[in-house]
Structures are given as structure tokens and as C-alpha cells.
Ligand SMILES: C[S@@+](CC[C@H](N)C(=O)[O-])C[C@H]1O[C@@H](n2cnc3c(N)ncnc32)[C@H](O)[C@@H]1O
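Presented below, as C-alpha cells, is a lone chain in the form predicted alone.
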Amino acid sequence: MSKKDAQVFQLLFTLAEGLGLTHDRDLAQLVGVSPETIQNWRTGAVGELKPTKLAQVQAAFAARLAALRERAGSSTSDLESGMTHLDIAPEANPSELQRQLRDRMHYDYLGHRFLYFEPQGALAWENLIGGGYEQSTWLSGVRQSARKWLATGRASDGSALGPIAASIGVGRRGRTRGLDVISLGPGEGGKEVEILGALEAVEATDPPPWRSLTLVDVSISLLMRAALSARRAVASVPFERAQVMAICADFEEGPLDFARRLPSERHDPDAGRRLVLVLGNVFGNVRNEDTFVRQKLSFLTRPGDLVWLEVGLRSERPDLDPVYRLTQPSETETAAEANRRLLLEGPYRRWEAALGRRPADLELRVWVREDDDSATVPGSYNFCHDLVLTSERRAITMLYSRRYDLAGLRRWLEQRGYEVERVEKVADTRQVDRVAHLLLRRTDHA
């Protein structure tokens, strides 16, 4: 080894130590080689780095530095005090959303993102989820699915048992892929924390070279809670495997510019996988599922990437669904139903107050729509939530809430380039299957 080459290796090791990589195993994981190769670099058995390997090392250090910059705003003292940081996209600035709300108030459709981008709406949403919604049951369903899909045991072919673990190459002896998890509409982030917990098993067995979680929502109030919970959950994990980005952005109609910041953007496509989470009933709430899949999911994913979709299941008859009660006239109103009504009325009431208008007479109408442009997935139906403005003799649609037939949804997704790899059903407290988790893999023809 020449003196010049020795200086390059010495610089490499000094930089690695300065970044906290004090063990050969840690440095090997970062740059994608074996610990034995690192030893050969130290002893001089390897005289120089080939151009491709040098480029790989440079890219790895650049990614490490980028991870440190991202993490700089989340110190331990911040987490202890409850402080957290987030980035706000222009289209999700509260003032911009207020402008959009004003401009759309005279149309027949507003949509779900206007329900909880303000603190009052976020509080109403939390009250709805927390009261009579069986949230603990749905959290348990996420936890069980995550454990199965991230299982690190070996299948007969040598791959990991869990499909997510297999996708990132757990057990490939130093060739584990990085993982970017992107959650669209996480709410308060309880389900994302469950998934982070399941990822601990992967960390212990075969840690990926990087791991990130990107939370995307329009509600600053909810997003701050989700980000703080997630950052606390990964506080003890090394920097490159603990990135949490909180992005206030409109993932349904916005440009998704946050995707440029994903760690996988800085690596070869096969070096990492993306897992897009669409949990809760977010998919069933969007205005147009086909547009969402073709434009948004296809933008965020590459062939081989995964999508975790949680959906409400179609009952044998709509009148067997718990929400069906809202479609019927009633003299009584439960606390959960009152929360739902206040959530749906909120945007209109705040718009009235901003203009100094007297409160209008409003009625909440929930009705079942099937086989129309609001429920285009075969076998699905939609509990459409409308505000009826009696004096104006018109209605504004505030929320779609769809239920799906699994066979019809599977065929529909496959036609759009997403193969269904796993399905896990979750029953409610009456042991009736109400929710399904689908793990999708994007194929080449999405």
C-alpha cells in the first residue's frame, strides 16, 4: 500500500469514528461490506479502493451525514420536554387550507382533510376515535399483522418468514436493504408506533443499513403528537435507523415533494424498499380511489415496493354495519354520534364565524351509495356523510366512508399493478370481521 493510499484509509477511519462508528461491524453495515473487508482495509491487505467501491463509500457517508442533519432537531432534551419539529408544505399551510375551504364552500364536495386540519377539528376527531370506536381492537390488529409480516424466522427457501422482512432481505448476510416507511394520514400515530415496535426484532436480527419513518398529514396538532410518539419510540436506535420526518402536506391533492427527501432517493433502487402505510380508513375516505392509486401511490413506490392498506369490510348487508344507524331518523344521539356530527359540522361553522354570519340550520345526512362514482371498486359501498343546508336547499359532502369486498378489491388492485401478498382480517368485540389489512407489492406494470 502506498503512503497516499494509507492516508485515504486513515481519513476514512477517522471520519467514521467522528460519526460514531467505532466498531468494524457498524462501519461494514454502513458501506455495505463485511467486517472482514474492514479489517483488510485496516491492515493494508487491500491496497486501494476500486472506483465503484469508493463511490459506494462516499454515498454511504453522505447518507449518514444527511441522517444526522435530519436528526439534529430531535435531541433527547426536546423529547423529554415534549418539543418536536415538523416541515410544512405550501399547500398545507393553515392559511392556504383556509383559503381552499373558502373557495370550495359553494361546491358540493369538500372532503375529509378539511375536517381536522384545525385544532378544534383534530380534538373532535380524537374524541370520536377515543369513544366507542374500539380503537384498542384496531391497534391490536396492526400489532398482530406487523409481527407476522416482519417475522425474521426462516422459511423453507431460506428467506425470512415475514413478507416485509423478506422484501428487505433479512438474513442475506450483510445485504439487508434499507427501509423507508411512509405513513399517509397517521392521525395521532398509534399504529405507526406499533409497527416501529415490530421493527425492533429486525434490528436485533439483521439491522438494515438505514431506516426512516415519514409521517404525512394536514393536521399540525395530530402530526406533532404522532412525530413525538415515533421519535420517543426510536430514541435509542442509531441515527441511520431512526430517522423520523414529520411533513404537514396534502398527500391526496398535493405534489408529494417530500419524496425527494427519502433516504432511498440517495441510493440505488435495489438498495432499499419503501413501505407506504395507508391505515385507518384513509383509503376509504379519499375522493377517488383510482386517482389516488394511479397518481399518488404510483409516484411514491417503485417496482418491488410495498403498500400496507387497511380497509373497512363490507357487511353481508349494509344495515348490519354499525354506521348504518346514522342513516336512520332517531330521537336520541349517542356521545360517539354527537362527536361525529360536530366533526362534520366544524368546518362550516368556523367558516360562518370567520365571515360574521349567523349560524345556519344544518342537518347531517348519512346515506348509502353503491354502484356510482363514489364507490367504483367492485363490491364496495359508501356511507356518504353530507351536511344539508336547509335554507339553501343544497348539500355539501364532507366525508366518504367506504366498505370493501375483498375479492373485488383484490382484482381491482391487481389491474392497477399491485399484487396482494397477504391479508389479515380483524374482528370487532362481537367477533365480526370489520377490518382487513392488505400487504401489496407493486409490480412492473403499475
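Being a predicted model, the structure only gives us computed values, none of them experimental. Numbers follow the displayed sequence, beginning with 1.
Same protein, other form: the form predicted in complex with this ligand, not shown, and the subject of what follows.
This ligand in the predicted complex is not approached by residue 273, whose heavy atoms all lie more than 4.5 angstroms from it. Of the heavy atoms in residue 282, some are within 4.5 Å of this ligand in the predicted complex.
Although the partner is absent here, residue 219 sits close enough that one of its heavy atoms falls within 4.5 Å of this ligand in the predicted complex. Within 4.5 Å of some heavy atom of this ligand in the predicted complex lies at least one heavy atom of residue 250. Residue heavy atoms within 4.5 Å of this ligand in the predicted complex occur in exactly one stretch of 82-90, 356-364, 324-332, 182-190, and that stretch is 182-190. Within 4.5 Å of this ligand in the predicted complex, a heavy atom is found for none of 289, 385 and 404.
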